[in-house]
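Just the one chain here, the form predicted alone, laid out as structure tokens.
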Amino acid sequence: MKLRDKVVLITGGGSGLGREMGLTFAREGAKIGVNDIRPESAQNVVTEIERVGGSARTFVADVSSSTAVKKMFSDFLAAWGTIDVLVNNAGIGRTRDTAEFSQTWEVPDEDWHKMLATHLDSTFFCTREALKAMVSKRSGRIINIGSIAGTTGLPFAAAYCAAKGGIISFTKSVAREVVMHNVLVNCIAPGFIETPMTAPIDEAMREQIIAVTPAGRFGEPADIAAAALYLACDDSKFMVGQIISPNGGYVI
């Protein structure tokens, strides 16, 4: 087992990529803290992990709130005693159920701020708390979830692209800062993956995306979970500040 007895916190772990990473890490022996803003989603994943013989607990919090993150980490460390791996995965594709991709000049302030808070602020808040534990024990892994939106840009998604681009630059900066403490920080920048976040994409748009993806399909959550497992375990001990992008060739 590649993560035997490692303690992992996954934000946004109640569905999609977070769920898949939780199950994958648990199968490799890790103890999983499942964070989500939705209690029932977090509990469902914990139940799934326990059914396959893993160990997991829920940590319900809005990670875009600094106060909530501090409390979550206090609860997490009280429960598990340490943290070995943090996966900053929490995110949204839209700021409201009715929101579609918008032209930049039509984006209201509140949508811009919510998108950046959910992705970028949460990554900073959680990283800051995790580093307090990891630096002191001189060991840890932080995996940030970016996107091809942050490497190549997507039209009509300026706020999302800005948030993911910020996560990528944040990764590189923090990686240089903490590698001397044996804390490795890296980023995964997925392409289009079959998750609840991409489910609202209509058929015509899906066909366009697939047409320009050399692999000829959307990715699967397992494709991203495999990359995350690599970054979480000793196989990646020389990976520092890198951006791994499983995207089927959409970006080369």
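When you see a residue number, it is the position in the sequence shown, counting from 1. Keep in mind that this is a model prediction, so the values were computed, not measured.
FYI, the form predicted together with a small molecule isn't displayed, but the following is about it.
- Under a 4.5 angstroms non-hydrogen atom cutoff, the small molecule in the predicted bound form lacks residue 133 among its neighbouring residues.
- Among residues of the shown chain, residue 217 is not one whose heavy atoms approach the small molecule to within 4.5 Å in the predicted bound form.
- The closest non-hydrogen atom of residue 51 lies beyond 4.5 Å of the small molecule in the predicted bound form.
- Residue contact with the small molecule in the predicted bound form: residue 43 places no heavy atom within 4.5 Å of it.
- Between 57 to 65, 179 to 187, 209 to 217, 22 to 30, the stretch whose residues reach within 4.5 angstroms of the small molecule in the predicted bound form through a non-hydrogen atom is 57 to 65.
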